[in-house]
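Below you will find one chain, with nothing else, as structure tokens; this is the form predicted alone, and questions on how it binds or moves follow later.
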Amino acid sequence: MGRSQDYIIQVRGLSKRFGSRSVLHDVEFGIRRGEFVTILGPSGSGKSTLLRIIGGLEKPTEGSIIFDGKDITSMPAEKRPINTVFQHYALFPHLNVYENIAFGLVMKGVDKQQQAERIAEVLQIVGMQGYENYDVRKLSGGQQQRVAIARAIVNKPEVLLLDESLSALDHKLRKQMQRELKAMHRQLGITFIFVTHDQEEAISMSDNIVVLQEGKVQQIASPSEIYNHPSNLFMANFIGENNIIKIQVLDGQKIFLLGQSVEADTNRFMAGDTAYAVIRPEDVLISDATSEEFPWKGVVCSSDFRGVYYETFVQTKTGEILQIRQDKEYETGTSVGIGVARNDLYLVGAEA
């Protein structure tokens, strides 16, 4: 996991059970100071439970949370230098914008002059100047989220937790808030831990991503590493769109793929192993004729214009359907040649 002094937060051997139901299994990773880290996973993977444990809102069954070298597993949430923005913002409906943001400062006994200065500062950061006296119930979803973020950062936490905090917004506003959150992260310089089930959101916003499935860590890596080098079959299916084809590993850096022996990087496998070839749709080559570069034959099932490319589906002679993204349209029923460059063939096993 790296040297302990490299991390502001370390999650060590964390497990959580609710009665007989196990939600997290031996989760372990570190987060560096100032990073934007996303915890990504499908519904029910344990990501919100993990975030609540980091924030002190849940106790782990086993394991510990280390903050800046200190064990804070038993520390109450209000004592941690960590604030949370919840999915539904949890604003106080009877308080206006200013009073909502001021709430934490009042609880800490900050004097009114300091309150005013800090609230003015965070309103500028979230782009809500002039809204101090507004009724929060009359704000749009995006404005309510900005107020929730302002309330969370006004206490100057070292870590900000965001639990599915963009999920209630419509698509256009969600994209806008993704950009704004990244800008806030750069401006504040604090550590962000963001929970989402949206792969595109995680890839576009994060420095690093922790992927959970059924309470277990599947992969921890940068967005480009996760996209281009999934650790196992689950990751290949979960991140983006892939052609995933069962293959046999042969001797001498070769695999048996779509009925033919081809070169591939087989270093992580033994001859005779069953594995899976992962090929991005944009990496499949297609031609009107077969050749050494296009060794496989297939028949076009469909070819649809998607704006900047044609999405074409081809059935190979061995029966697999390949998804292909290229800049040329092919008529249904056309016989074509198909190829994949060696460097665009990535092999995974069923497990990491």
Partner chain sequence: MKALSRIYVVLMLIFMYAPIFALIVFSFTDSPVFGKWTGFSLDLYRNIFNGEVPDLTATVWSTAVIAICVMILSVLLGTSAAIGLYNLRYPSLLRKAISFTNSVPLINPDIITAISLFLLYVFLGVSRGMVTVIISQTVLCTPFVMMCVLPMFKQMDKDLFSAAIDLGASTFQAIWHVILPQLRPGIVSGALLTIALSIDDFAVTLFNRGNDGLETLSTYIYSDAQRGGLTPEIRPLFTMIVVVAVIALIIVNIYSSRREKLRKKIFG
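Nothing here was measured: the structure is a model prediction, and the numbers come from that model. Positions refer to the first chain, counted from 1.
Unshown form predicted in complex with the partner chain; subsequent notes refer to it.
Taking the partner from elsewhere, Ile226 is found to have every heavy atom lying beyond 4.5 Å of the partner chain in the model of the complex. Proximity of Asn83 to the partner chain in the model of the complex falls within the 4.5 Å heavy atom cutoff. Interface residue remark: Gly104 is counted as part of the site for the partner chain in the model of the complex, having a heavy atom within 4.5 Å. Using a 4.5 angstroms limit between non-hydrogen atoms, Asn155 touches the partner chain in the model of the complex.
Partner contacts here mean any heavy atom within 4.5 Å of the partner chain in the model of the complex, and among 248 to 256, 184 to 192, 73 to 81, 234 to 242 they occur only in 73 to 81. Checking Lys175, Lys112, Arg268, His88 for any heavy atom within 4.5 Å of the partner chain in the model of the complex turns up a single hit: His88.
Candidate site formed by Ile286, Phe294 and Lys317: none of these residues places a non-hydrogen atom within 4.5 angstroms of the partner chain in the model of the complex.
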